[in-house]
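Here's a solo chain for you in structure tokens, the form predicted on its own.
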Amino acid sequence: MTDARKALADSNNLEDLRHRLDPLDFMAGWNKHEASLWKEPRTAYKPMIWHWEDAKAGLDAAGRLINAEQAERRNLFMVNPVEGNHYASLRTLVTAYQMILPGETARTHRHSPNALRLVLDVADDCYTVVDGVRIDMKPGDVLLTPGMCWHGHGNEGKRPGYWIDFLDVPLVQLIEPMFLDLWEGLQPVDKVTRESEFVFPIEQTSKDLAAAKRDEHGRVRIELDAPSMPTTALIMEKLTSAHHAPPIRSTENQIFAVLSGSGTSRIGHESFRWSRGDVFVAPSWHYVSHKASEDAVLFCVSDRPVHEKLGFLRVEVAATM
């Protein structure tokens, strides 16, 4: 018997045993520093909102101070003010505003995390290139860059282009299969089209949303079918001032971007007023409800597929409004 094992065997009381276990990097389950299981989801991440007009002012200033080559991407991440967090918007997701100036390119790269973008304001000839496919952007487009797809951006127009990025980087950081490859410059274009698996054009999205019926909770929404994005669900929801759905909470983490209109959302115990271009987040297990002050469209990116695949998804509707 080793000395360590003999010392354990000779322990006289629980406190003595704990001290003899510590050097072996064991922790007694009856003496945990904090609970490892709890009755319902809890998160340190907070409901938050970031306003587009603030971000635009910051990006325009950055456009004068740093070029795309120096920055790799000229973007402003929306950081949840949780102690020790310097990047994530929610536990598994991050979002950022991005801008590209006329004549610039953002060089091609690829990475393990899945990414997508919602186009806010662009002139003609602002584009992305995904695996050699050039897609010219229009406001309201949703553009996909699935994990390990090469992607870069360019602006041949006469004014800046702005969009909102969404990525599952925090999830990849948690489970650690992170890879990044860099391309020298912009990947050559093999094809130019807006009919691609990498884009949901605003023209079609608008038609589908106009034809959508209310679901069992009274919401008018469509899901963008994106099987190449296995960790995120993409939802477009139409709101009117005459109708709103009951508060709903779920285990998923949700990022909302305002495509058009204005209104107020209640997340947990907090209310947030929003307008076009703003972004707000609902952490797991917070009741969420929206009320439009004028007709509006919200784009939601959530980690629901992860919860579904792992059998963790739970949804609850509030008994009263």
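In this text, all values refer to a predicted model and were calculated from it rather than measured experimentally. Note that residue numbering follows the sequence shown and begins at 1.
One more form of this protein, predicted together with a small molecule, exists but is not displayed; see below.
In the predicted complex, the small molecule lies farther than 4.5 Å from every heavy atom of residue 219. The small molecule is not drawn, but in the predicted complex it has a heavy atom within 4.5 Å of residue 165. Residue contact with the small molecule in the predicted complex: residue 169 places a heavy atom within 4.5 Å of it.
For residue 183, no non-hydrogen atom is located within 4.5 Å of the small molecule in the predicted complex, even though that partner is not displayed. Remark: all three candidate residues (73, 111 and 151) come within 4.5 Å of the small molecule in the predicted complex, counting heavy atoms only. The contact residue chosen from 98, 80, 250, 231 relative to the small molecule in the predicted complex is 98, the criterion being a non-hydrogen atom within 4.5 angstroms. Just one listed stretch, out of 209-217, 195-203, 103-111, 154-162, contacts the small molecule in the predicted complex at the 4.5 Å heavy atom level, and that stretch is 103-111.
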